[in-house]
Ligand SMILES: N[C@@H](CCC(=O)N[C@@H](CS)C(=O)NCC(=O)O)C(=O)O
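Before any questions on how it binds or moves, here is one chain, the form predicted on its own, in structure tokens.
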Amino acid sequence: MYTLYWSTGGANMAPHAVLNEIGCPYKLVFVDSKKGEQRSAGYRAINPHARVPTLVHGKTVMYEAAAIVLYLCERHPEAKLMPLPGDPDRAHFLQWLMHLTNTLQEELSHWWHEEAYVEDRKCHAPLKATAEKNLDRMWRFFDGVLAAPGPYLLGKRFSAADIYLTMLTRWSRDCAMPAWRYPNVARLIERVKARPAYARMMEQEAIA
């Protein structure tokens, strides 16, 4: 049994959808970030960084959404969400998953949480504006990657990396140029959101 600690629309979306894709039993524990529950002593005991998600599996307790996705994919190869060692596509799968969490996700964090990067309020607007420019460049890059051979990051092959990217597209919803304004990214979003596992995650988290 897996236990996933989550908050609405957080980075838990991708691991949550992966759990649905796998079809294994799991338990969800809601952490109300609006009330600051992620900073409670009880939650910090399992995740000292006061962030979601956290996955508990037996004696294993881990955080970082991309790491959780990788862990789940490795434990459940039958779900075919990740190329296995020796598969020619594995290198690019790992590349995309790490790029998404280290680059795109970080830039989206600059947009949403500018106060976490610079204290001077006068710098918040310029930081957000720079993030907008960087995100436009990044979405254009992914739009090109998904154009051909497409429609997925691994070409014709769906993987958990596509789930992770689709999660991050939602975080662009309040940007001047949200991710779905780029046609090939929009095509990917449509395909992933049409999958029953992803749709169920959205329903369980009560998000659109």
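Everything numeric here is computed off the predicted structure, so don't read it as measured data. Counting begins at 1, following the sequence as shown.
Absent from the display: the form predicted together with the named molecule. The rest refers to it.
Although the partner is absent here, residue 39 sits close enough that one of its heavy atoms falls within 4.5 Å of the named molecule in the model of the complex. Contact annotation for residue 69: none of its heavy atoms lies within 4.5 Å of the named molecule in the model of the complex.
By the criterion of a heavy atom within 4.5 Å, residue 171 is counted among the residues contacting the named molecule in the model of the complex. Under a 4.5 angstroms non-hydrogen atom cutoff, the named molecule in the model of the complex has residue 11 among its neighbouring residues.
Considering the named molecule in the model of the complex, the lone stretch of 134 to 142, 121 to 129, 80 to 88, 100 to 108 in range is 100 to 108 [heavy atom distance within 4.5 Å].
A heavy atom within 4.5 Å of the named molecule in the model of the complex is found for one listed residue only; from 153, 165, 65, 179, this is 65.
Note on the partner interface in the model of the complex: the residue among 147, 29, 61, 50 having a heavy atom within 4.5 angstroms of the named molecule is 50.
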